[in-house]
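What follows is a pair of forms of the same protein chain, given separately as structure tokens and numbered structure 1 and structure 2.
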Structure 1
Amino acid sequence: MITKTLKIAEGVNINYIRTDKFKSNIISFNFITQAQNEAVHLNSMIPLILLRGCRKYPTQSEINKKLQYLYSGVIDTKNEKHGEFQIFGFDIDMLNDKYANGAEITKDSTELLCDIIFDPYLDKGAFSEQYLENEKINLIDTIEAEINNKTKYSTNRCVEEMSKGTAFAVKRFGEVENVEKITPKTLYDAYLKALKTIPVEIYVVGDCDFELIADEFEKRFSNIERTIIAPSFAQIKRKAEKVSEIDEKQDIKQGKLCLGFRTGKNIQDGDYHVAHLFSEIFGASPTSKLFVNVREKMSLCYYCRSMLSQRTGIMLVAAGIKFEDKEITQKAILDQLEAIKNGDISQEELENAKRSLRNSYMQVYDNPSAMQTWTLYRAISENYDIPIGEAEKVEKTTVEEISAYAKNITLDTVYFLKGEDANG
């Protein structure tokens, strides 16, 4: 999908995905670094504090007024965890100049985004303590919301247990106690380190003056001496050596069962389309075996779905169940996996899954943000397949290929979150 790529500074690339399908264009600015417990909370905070104000527009209110002037442009912070990598930065959505009655939206929006990133509002040589304290509250609320969402909490805990001591286990936003310790000086130091050492990928999606945008970012980076610390690929564990059983009790009314599997594969192995098709048939869609059989026919779960992470080589199956139904539900899930390993996939199941994936892949072209995310994630994994190419591969995938993929999958961890008064 990328039509042009320029290196504008050491470790900084700007990529153009040209399309005239949309009335707006987006710029996505992404720092890409290794997820580390000692830095993830600081990196999570950087976009939040930068969006509070810059030297030219010292308050968030003034930034928002400028965005309104730019035909209601929108700037969003981003902080994502993709396998062992943390991705943080900004997305700006701006109206195409041709619909702006002569206004220079692209130029002004790019300058605003660069002001926010490169020329922040400072107080006594560091970030504003008042802004920081407010954003600490917001970030802690976000972390606690994930803890209070027991479905999310249980899947996170399962991944943590499967990935102890690796970057895969690092929490997306960090720990509350680490957020509380952030000071204006430590955060400003982390920000400077990011500008000087972390690789950056910038994506421009739409129909706009790409050279103008590239020139502005190149000018801003020209004042920064960069020595890149490149993130390294983590080695995935391809096969479970034994099954770990972990029970945890909390004051809850619904049990949360999470089975963690090693798939034996990751996205760099080149058979992502087979993995995705397997996942659709197994538990990622309303026509999957887990939904139709375990949830609907057997009525064992309030929900039951599989989630595949090709970056980590991990697949999770999450189910909300009665406390007493843990063993029977676990067996039912494993039975459905065994059926796929044995090639028990009907033509209807195969066609439903292929149709669902085709639609999913082709919908990427209907959303500029989805186009950017697709391209970024595959660039990180050194897999440059485009959606239409994946859709064509899916069409040709056979039951035998799906069954062969499933045979590599081994159960690694059984995590069960149950109530305080449950007997297990």
Structure 2
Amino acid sequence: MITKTLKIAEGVNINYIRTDKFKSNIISFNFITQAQNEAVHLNSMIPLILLRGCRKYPTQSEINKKLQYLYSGVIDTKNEKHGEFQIFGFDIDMLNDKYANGAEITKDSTELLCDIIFDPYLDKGAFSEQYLENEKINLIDTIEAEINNKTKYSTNRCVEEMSKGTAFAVKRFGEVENVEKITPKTLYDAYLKALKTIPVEIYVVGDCDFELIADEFEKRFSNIERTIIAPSFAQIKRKAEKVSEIDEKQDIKQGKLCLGFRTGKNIQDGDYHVAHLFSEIFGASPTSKLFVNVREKMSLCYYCRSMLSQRTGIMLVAAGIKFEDKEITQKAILDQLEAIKNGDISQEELENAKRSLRNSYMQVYDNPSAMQTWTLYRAISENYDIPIGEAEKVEKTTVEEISAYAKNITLDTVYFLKGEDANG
């Protein structure tokens, strides 16, 4: 997918994914670092504080006016957990210059984004205390709002329980008590450390003046002395030792069951396409075994699906059910897994899953941010192909490979979120 890559500073690449399909262009700026409890909250805060103001536009109102002037350019802060890695930075979405009656959107938006990243609004040599106090409250709200989405909350809790003490368990935005302790000085130090030591991948997707964008970023990095601290891959736990049962209660109407499995492999072991194909057949599509049996035949739920994290080697199965249906649903899910382990996959199921997966891989080419994410994750894991290459590998996969993959899967944790007045 990548048309061109330039190394513009130590540990900084800028990549061009050229396509003329779209009326807008995106730039994505990503710091990629190890997820660590000591730093994750500071790194999450960096994009938030930077977007509050830069030297040239010291308030967010001024930044936003400038963005509106640039035909509603949108800058989003970014902070993701990708397995043992934390990825943070910004995405900007800009209208193509040709729709803008002569405005130089690409040039001016790139400058604005660079001003925000490299030339922040400072007060006494550190970030503004007032802005920081504001953003601390916002970040704590975001962390606490995790309980609002019960499905996500229960899957996050399950992963946390399965990964205690490892980088996989580090919370995306960090811990509330750590956020409370951030000061303008500690945050500014973390920001300088990011600029000086954290690897950066920049992506430009669309049809625009790539050289101009690359030059601007190169210029900004040229006066920063960089020594890279590269993040490393974490060891995964390959097999469950015993099944942990965790029950929690909240005042809710529907029970959330989440089964956490260890697949025995992660992406560094290869076989990305085999894992995906397994997941498609097991529970990631409306013709999967879980959908057809647990939902359609047994009528136990509205959703029952599997989610595979190829970095952590963890697979989750989530279902929204009646409180009293926990045991029967759990058994129904395990029965379907057992079937795949025994090679019970029809030729039709296999072909269906292959077609469906190829369809979703090929759709990546129609979405700028999907292209960018695919390329970024691939740059991190270095162990799989571009979508069309993966689609070809899927074609050649056999039932034996899939059931061999399934045989290594072990149940580790059964997490159940239920109502206050549910029995048990």
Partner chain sequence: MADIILKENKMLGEKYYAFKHKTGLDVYVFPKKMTTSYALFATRYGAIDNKFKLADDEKFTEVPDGIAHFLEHKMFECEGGVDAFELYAKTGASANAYTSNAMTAYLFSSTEKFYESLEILLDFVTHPYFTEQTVQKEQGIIGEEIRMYDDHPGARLEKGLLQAMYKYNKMRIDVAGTVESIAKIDAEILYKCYNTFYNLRNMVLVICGDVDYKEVEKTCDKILRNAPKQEIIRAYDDEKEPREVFEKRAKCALSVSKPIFAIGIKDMDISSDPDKRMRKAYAMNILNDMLFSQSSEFYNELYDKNLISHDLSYSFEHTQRCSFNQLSSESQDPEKIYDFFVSYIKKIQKNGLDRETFELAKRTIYASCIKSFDSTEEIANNMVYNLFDGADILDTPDIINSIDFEYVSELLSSMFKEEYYAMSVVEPIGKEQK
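Here, a residue number simply tells you its place in the sequence of structure 1, counted from 1. Just so it is clear, the model here is predicted, and its values are computed rather than measured. Take the two forms, find the largest set of C-alpha atoms that superpose within 1.5 Å, and that set is the rigid core.
- Only structure 2 comes from the form predicted in complex with its partner chain.
- Superposition on the rigid core between the two structures places the CA atom of residue 254 2 Å or more away from its counterpart.
- When the rigid core is held fixed, the Cα atom of residue 398 travels 2 angstroms or more between the two structures.
- Superposition on the rigid core between the two structures places the CA atom of residue 311 less than 2 Å from its counterpart.
- Its Cα shifted by 2.5 Å between the two structures, residue 330 is reported here after superposition on the rigid core.
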